[in-house]
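What follows is a pair of forms of the same protein chain, given separately as structure tokens and numbered structure 1 and structure 2.
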Structure 1
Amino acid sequence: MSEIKKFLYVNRKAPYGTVYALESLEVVLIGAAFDQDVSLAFIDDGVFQLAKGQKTTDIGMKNFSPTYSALGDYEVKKIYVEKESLEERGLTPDNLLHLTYEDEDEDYAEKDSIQFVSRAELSDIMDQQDVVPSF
């Protein structure tokens, strides 16, 4: 068995203007197959990826925001959203998707995946990682 590494995927782009957000999500889903310690951070325009109520019918693109709700099934349980990035963009936690996972250690109780952290806290979290792919 290889040693478990800590991966933090950092998401910094808005969802539809560029392909980064979707690419990152796909990499996370694929990477989830390799038992690593995976967490996601949404900072800068990346916080827009988690906006709830996205409806893309009129722009003719696939709405991939429902897929974030599957992250719990893929054992991704730590999702960090930077408070300052939200505030600068006029968003509050209420504007975001509600993401959960089931805690196997507590009889599959449903728990919140998203943790709202400050910029300073996030820089500490980044500092504790082995690998930090940034999109």
Structure 2
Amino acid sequence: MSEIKKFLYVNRKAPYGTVYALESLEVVLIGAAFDQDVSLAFIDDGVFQLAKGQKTTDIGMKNFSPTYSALGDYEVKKIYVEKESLEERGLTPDNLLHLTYEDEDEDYAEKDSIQFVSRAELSDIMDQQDVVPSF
């Protein structure tokens, strides 16, 4: 049996206007459903994917941001948001969705999935992965 590889999906694009954000989310959910060790990183305009209050009616696209709340159900517990990207776009952690998972090792206590990391920390996290696809 082969060992489980660690995947870090890097999200760099704004949520709408291209297919990248939605495709990344779909790939992550599929990988997690097959018990891959899946994590996500949001950098550059990708931080907008996690913004609260997305309204898409004027652009004629479905708002898929509520789907991020399902990540915890798929055991996706490691979501990294680059601090510098947030700051450069005038966002704070309060502007983002509150994503959680239930920690079965601690009597299903609800814990935050999002970790705010610096560029240097994210670089170190990337170095620890087996596969780092970018969307």
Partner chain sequence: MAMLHTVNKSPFERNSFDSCLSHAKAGSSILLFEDGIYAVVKGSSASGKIQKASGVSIYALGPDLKARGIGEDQIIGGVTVVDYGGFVDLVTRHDSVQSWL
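Residue 1 is the first residue of structure 1, and the numbers go on in sequence order from there. We call the rigid core whatever largest set of C-alpha positions still superposes within 1.5 Å between the two forms. Note that the coordinates shown come from a computational prediction; the quantities given were computed from them, not determined experimentally.
| task | Mark the structure, either 1 or 2, that is the form predicted alone. | result | The chain shown second - structure 2 - is the form that fits the description.
| query | Taking the rigid core as reference, does residue 106 move its C-alpha 2 Å or further between structures 1 and 2? | reply | The answer is no, as the C-alpha of residue 106 shifts between structures 1 and 2 by less than 2 Å after core alignment.
| message | Relative to the superposed rigid core, does residue 94 relocate between structures 1 and 2 - that is, does its Cα move 2 Å or more? | response | For residue 94, whose C-alpha is compared between structures 1 and 2 after core superposition, the shift is less than 2 Å.
| task | Using the rigid core as the frame, report the C-alpha movement of residue 57 between structures 1 and 2, one decimal, in Å. | result | Spelling it out: core superposed, C-alpha of residue 57 shifted, distance 2.5 Å.
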